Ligand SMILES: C[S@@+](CC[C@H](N)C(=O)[O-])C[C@H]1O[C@@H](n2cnc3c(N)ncnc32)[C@H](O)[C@@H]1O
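Okay, so here's just one chain, in structure tokens, the form predicted on its own.
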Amino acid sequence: MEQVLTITQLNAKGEGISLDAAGHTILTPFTLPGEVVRGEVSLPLTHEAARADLLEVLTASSERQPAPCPYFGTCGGCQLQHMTPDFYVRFKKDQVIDSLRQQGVEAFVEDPVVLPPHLRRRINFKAQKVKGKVLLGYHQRRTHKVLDIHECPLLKPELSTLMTPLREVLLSILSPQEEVNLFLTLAENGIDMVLDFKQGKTLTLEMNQRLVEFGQKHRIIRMGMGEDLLFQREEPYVKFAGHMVKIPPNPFLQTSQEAEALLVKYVVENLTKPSKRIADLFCGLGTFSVPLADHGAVDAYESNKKSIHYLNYSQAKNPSPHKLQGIQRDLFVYPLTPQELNTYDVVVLDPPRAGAPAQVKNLVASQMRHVIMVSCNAQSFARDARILGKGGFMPGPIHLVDQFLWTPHMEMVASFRRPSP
């Protein structure tokens, strides 16, 4: 049903909020406060709100700009390209401030550092063979259909230039209607690539040879299919603050080297000096552990077995100035106890999007005086900050790094200290 809607504000996802004549909430993406739009309103997906597809902007906001990507609105990725740069920065900063306010947390929030496009070093392409051609790109918005794209302003050029040759090689690999996920990571010495077929796949010798030839031509230094290695010409590696770290297939890394460098800078600048013993919780491959080991001994905790293996393997080959050991441990099931935490001078905490309330409560119960928290979710960050605050920890300035360009997400770093008794 078509309706004319007046947008009053945006929700945390950047969707426009309006009310119909009966007072029901309607959410419309790609709109801005003050705009009058025509939308196709669907039945409510929840008891709280209906959704509308934007058909036409009747009265545009002065904060609206043309989207820089031709696939904006159809692609399921970026949601905020229609915002002018100034409005975009205010919106993203306000989401952090509002989340803190809702939890009763008072802190100074810095302006975000917005990183430019063409920096993303890892990506998950979707591909499907349809009517004799390969569709390659991302999912269409709110569907699982593959949107065929030929450029993406987020990606490093080394990844963008692979899109056409990937189509060409997949044309001879995929069966009709067959789908595959392609995970690509730009390492320091080449590209790591993993193929994950939705229904499983057995490669013929000819298919395997085509993939090997593709890899040789396009600087793919390692290629795998699921858990199986197809070939490896070199071990891919990245550098954390100048230290070489080997990476597993399809690793978790910060979106870009530039964002990673900023996050590390903020963590190290806030480090208690001297720090003889440091705990890095949810350490991944050692994004913070490795730079921290320039300043003190580090125990790095992570549940992912491969990440810990590669971290320790890299340390054995290129040891840090101070001892660094990776320890496999599920901190959601077995958070460090207050007694264990008491042996450290500082704790760095970088949990997944859900946060780490159990671990934070143990920090409060310990004798710890200093916690540095990193987060990519404003809501869980604010909740965990509230728990720390109730335990006497006071937040310093909150640094914002916008490495998730044109999305509602934001990376945060803050130091929390409590006075000695």
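A residue's number is simply how far along the shown sequence it sits, counting from 1. All values reported here derive from a predicted model rather than from experimental measurement.
The following text describes the form predicted together with this ligand, which does not appear among the structures shown.
Among heavy atoms of residue 313, none comes within 4.5 Å of this ligand in the model of the complex.
The closest heavy atom approach of residue 302 to this ligand in the model of the complex falls within 4.5 Å.
Using a 4.5 Å cutoff between non-hydrogen atoms, residue 109 does not count as a contact of this ligand in the model of the complex. A residue is said to contact a partner when one of its heavy atoms sits within 4.5 Å of a partner heavy atom; residue 283 meets this definition for this ligand in the model of the complex. Using a 4.5 Å cut-off to this ligand in the model of the complex, each of 287, 332 and 350 places a heavy atom inside that distance. Note that among 302-310, 85-93, 110-118, 131-139, the stretch whose heavy atoms approach this ligand to within 4.5 Å in the model of the complex is 302-310.
Taking a 4.5 Å heavy atom cutoff to this ligand in the model of the complex, the contact residue among 254, 99, 272, 250 is 254.
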